[in-house]
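A single chain, nothing else alongside it, follows as structure tokens in the form predicted on its own.
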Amino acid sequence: MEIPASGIDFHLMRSIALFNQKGGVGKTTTAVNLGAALADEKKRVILIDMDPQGNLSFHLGLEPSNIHHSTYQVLTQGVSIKQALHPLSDYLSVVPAVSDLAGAEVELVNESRREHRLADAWKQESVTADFIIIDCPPSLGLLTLNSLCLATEVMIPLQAHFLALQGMARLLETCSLVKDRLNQKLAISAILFCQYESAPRLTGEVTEEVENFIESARGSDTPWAHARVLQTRIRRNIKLAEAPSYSQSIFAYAPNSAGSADYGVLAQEILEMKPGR
């Protein structure tokens, strides 16, 4: 039986999962800084940390000792998203993660609707947002499935080298299975190149290969049929790597950096997108 939406209008809210089973590709950095940029545009943004490493939560200055409700309690104890929200500003809030989240997959293995726990938590109490941005773990397990069952869009952060493409087939297969069996609204909306270096020849070859692959899917019934390879490129930038240790977004830590410029442009491109087209 489906739980009623309890006042949440998913048609007016974009729910984006940052998904790549490979670590170190820019998921967390993008979640934090895209969320901050959208909040600066006065969009109500909720970040959800679904990675037991809790890097997004750490980046935002949330210490485990100060977190009373997290995604672990949301998935395993019936805590609502509203109860677990930590406001960071008027427009930006986060549902943090703690290391206990690593045990959630085992605890939920025999539970009903175990893949829908996160989505069901949204329906317990009315939560108002323009964007939900979900930082998925670097795996294809139950935590990722919960993320994809809440999301309507998937953004794939990708590095422009051939090793980064090796796991892409499995990633796309996972999205197809989730769409077919668990969440018919799910679609891959965007591919974002991170840690980008424009000079190497290999970068251009990989970029072109990805663009050709996406273009070849036009008119198909795959979840990536309407995906866009984003024009914005997140350039390799040391300031982006330094910002988490200061518990700040790139806009607060280094507002004049290349990283700040790139994520500002990315936010504008995301705002101009029309998902599903």
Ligand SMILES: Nc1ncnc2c1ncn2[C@@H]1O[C@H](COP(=O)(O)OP(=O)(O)OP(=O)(O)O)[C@@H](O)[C@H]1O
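One-based numbering along the sequence shown. Just so we're clear, the structure is a prediction, and the values are computed from it rather than from any experiment.
What comes next is about the form predicted together with the ligand, which does not appear here.
- Heavy atoms within 4.5 Å of the ligand in the model of the complex belong, among the stretches 60-68, 239-247, 221-229, 204-212, to residues of 239-247.
- Although the partner is absent here, Gln195 is a contact residue: one of its heavy atoms lies within 4.5 angstroms of the ligand in the model of the complex.
- Interface residue remark: Pro138 is counted as part of the site for the ligand in the model of the complex, having a heavy atom within 4.5 Å.
- At least one heavy atom of Ile234 is located within 4.5 Å of the ligand in the model of the complex.
- Residue contact check for Pro255: none of its heavy atoms lie within 4.5 Å of the ligand in the model of the complex.
- Along 14-34, residues Lys22, Gly23, Gly24, Val25, Gly26, Lys27, Thr28, Thr29 each place a heavy atom within 4.5 Å of the ligand in the model of the complex.
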